[in-house]
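In C-alpha cells, one chain follows: the form predicted on its own.
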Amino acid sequence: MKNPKVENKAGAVAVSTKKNSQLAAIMKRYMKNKLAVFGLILFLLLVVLAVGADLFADYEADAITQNMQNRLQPPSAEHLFGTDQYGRDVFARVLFGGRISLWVGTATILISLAGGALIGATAGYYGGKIDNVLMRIMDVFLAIPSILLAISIVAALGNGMMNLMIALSVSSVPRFARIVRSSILTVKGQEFIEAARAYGCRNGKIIVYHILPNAIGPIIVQATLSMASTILMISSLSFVGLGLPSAIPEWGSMLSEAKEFMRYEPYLITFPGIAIVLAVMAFNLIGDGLRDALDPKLRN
C-alpha cells in the first residue's frame, strides 16, 4: 500500500523543481539580452550609490548646509560635481537625491500595484456589473493624462513626500488595474481554476494563490516600466515646484534651481540630468528584458 505522505512529499518536490527550472529558464533568456544585463548592472550601481550615500558624503554638512564662501565652484578634486549657488556639494545632492527618487518611486509603485491588483482582480474575476462599474471608473482616470492628474492632486493636497506619493499612486492605479484584469481574464477559465473551485476554495484564495501567481509576468513588466515613468514624474513635479520642498535634495528640484545658471555653470544641470537619464534608461532596459524573458512564445 502506498504511503500518502511520501506521495505528497514527492509531488511537492516535483512542483518545486518545475518552478526552479522555469525560473532558471527565464534568467537564462534574460542574461542573453546584453542591453537588459546592462540595465540591471546600471540599476544595481544606482542602488548601491543611493543606499551607501552616507559613505561618500555627509547629508547635513554637504547636501543641506549652505556655505556661501564655496558657491558656484566648478568640478574639482574636492567637489567632484562642483557646488551650487548656495555652496552645497552637487555630488552629495545627486547621491541623496537618488535615494529619495528611488524610495518614492518604489513606494509609489507598490501602493499603485496593490490598489490596481485589488481593483483589476475583482473586476476580472467576478465580471458582470462589478467589472463594468470598476472599469468605467478606471476609464475616467485614464482619460486624464497622468502628469495632469498628479499635478491636480498635489496642488490640492500641498507639497510633501506623502502627498507626492498619493498623487503618483492614484495616477498609476488605472494602468495596473487594466493589466491585472486582462491577465486574470486569460487565466480564470483554465482547468486548474475550475478544479480549485470544485475543491471548495474561496474566491479570495483562488485569486491570491492561483490566479495572480500565474498572471504575474505582465504585472512585473508593467511595474518595472512604470518605475521609469514615475521617476520622471517625480522630477517633473519637483521641477515645477509641486514636488518635494526645495531644501530636500532631489533631481528635479536641482534642475529647477540651476536653470538660471545654465549658461555659465552648465554642470549644475548636467549631473542631475544625467542621473535622471541613467535611472530611466536602466528601468526601461530591465523592463524590456523582462518582457522578452517572460514572453510565453519564447518559453519553448
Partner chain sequence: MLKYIGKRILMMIPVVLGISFIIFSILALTPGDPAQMILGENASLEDIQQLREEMGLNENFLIRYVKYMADAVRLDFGESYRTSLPVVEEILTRLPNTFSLAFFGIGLSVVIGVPIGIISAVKQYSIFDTVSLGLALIMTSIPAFWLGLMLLLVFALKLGWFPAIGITDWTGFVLPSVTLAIGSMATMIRMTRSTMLEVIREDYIRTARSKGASEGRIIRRHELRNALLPIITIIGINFGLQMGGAMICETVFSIPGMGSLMITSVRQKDVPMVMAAVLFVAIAISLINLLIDIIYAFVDPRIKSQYVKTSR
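Positions refer to the first chain, counted from 1. Only a predicted model underlies this, so the values are computations on that prediction, with no experimental measurement involved.
The following text describes the form predicted together with its partner chain, which does not appear among the structures shown.
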Name the residue from I144, M161, I220, L72 that puts a heavy atom within 4.5 Å of its partner chain in the predicted bound form. I144
Exactly one of I26, V51, I64, I269 has a non-hydrogen atom within 4.5 Å of its partner chain in the predicted bound form; which residue is it? I269
Non-hydrogen atom contact L244 with its partner chain in the predicted bound form at 4.5 angstroms: no
Even though the partner isn't displayed, in the predicted bound form is S236 close enough to its partner chain, meaning a heavy atom within 4.5 Å? yes
My question is simply whether S152 lines the interface with its partner chain in the predicted bound form - judged by any non-hydrogen atom within 4.5 Å. yes
Heavy atom of V37 within 4.5 Å of its partner chain in the predicted bound form: no
Do heavy atoms from each of L232, I276 and M281 fall within 4.5 Å of its partner chain in the predicted bound form? yes
Which among 94 to 102, 120 to 128, 179 to 187, 153 to 161 is in contact with its partner chain in the predicted bound form, heavy atoms within 4.5 angstroms? 153 to 161
